[in-house]
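As structure tokens, one chain now follows by itself in the form predicted alone.
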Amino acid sequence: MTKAHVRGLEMAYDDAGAGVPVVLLHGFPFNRSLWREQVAVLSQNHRVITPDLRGFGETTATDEPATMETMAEDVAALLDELKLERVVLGGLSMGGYVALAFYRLFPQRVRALMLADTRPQADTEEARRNRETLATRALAEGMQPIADAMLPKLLTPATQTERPEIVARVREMIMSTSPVGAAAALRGMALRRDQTDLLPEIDVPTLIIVGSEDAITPPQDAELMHRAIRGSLFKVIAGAGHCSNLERPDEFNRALTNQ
């Protein structure tokens, strides 16, 4: 693990392998360890950079809403620090929101996109209210309410009953997240803009991945992106939920490496 001083933050990241740089952005409320299985495969032929986004893992948390644009600018500053002009950019869930915000801000810096278990639409009013409730509870009670509320939605019922090691890994990531960082990200996600209008403008190779049982950003959201992004590739991972890269890492990695 390395830390860079960017935009007033200490930003933690891992940097493995050599070759075309690939940057992978984790979802909420996780950290860079989400990508362990992907780094192991991709770093054989690429340079793979996995940062902890603002407020997560070992990166500094801030009180104000961590908007997707703010996080995208953090990532751009990290790339400047690493002297990387253009990268393959991937994100899962909230990481996908950040990847889309990054593309809108810095399209010239993106060689290709990977959008996993994410959506382009903004939150509904109900979703915004729910995020504020969770943010308030996180600050008052810690991460246990977040873990209890999210775990049933993040993983398939089969994973929850038959794969305790995956459940424990996801719970550990959630419980190790700073409540301040979680609340800031929840409020930032509630503020995010609708990116649907951006999709037809994306003109880099794009891979869209979704778990067939994703209850948070279901396959129809991924299909919407696939239809709107010209030439995009679309992969549904059977038997996976919202954390498709954890539940079915081999299938996910085959999609990433086009095998």
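As the structure is a computational prediction, the values presented were derived from the model and not from experiment. Heads up: residue numbers just count along the shown sequence, starting at 1.
Although it is not shown, the form predicted in complex with a small molecule is what the next lines describe.
Only one of Ala40, Leu224, Ala61, Ile216 comes within 4.5 Å of the small molecule in the predicted complex through a heavy atom, and that residue is Ile216. Proximity to the small molecule in the predicted complex, defined as a heavy atom within 4.5 Å, singles out one entry of Ala184, Met71, Met94, Leu89, which is Met94. Of the stretches 94-102, 135-143, 72-80, 165-173, only 94-102 has residues with a heavy atom within 4.5 Å of the small molecule in the predicted complex. Looking at Met189, you'd find a heavy atom of it within 4.5 angstroms of the small molecule in the predicted complex. Although the partner is absent here, Leu113 is not a contact residue: none of its heavy atoms lies within 4.5 angstroms of the small molecule in the predicted complex. Using a 4.5 angstroms limit between non-hydrogen atoms, Met150 touches the small molecule in the predicted complex. Not displayed here, the small molecule is kept clear of Pro51 by more than 4.5 Å at the level of heavy atoms in the predicted complex.
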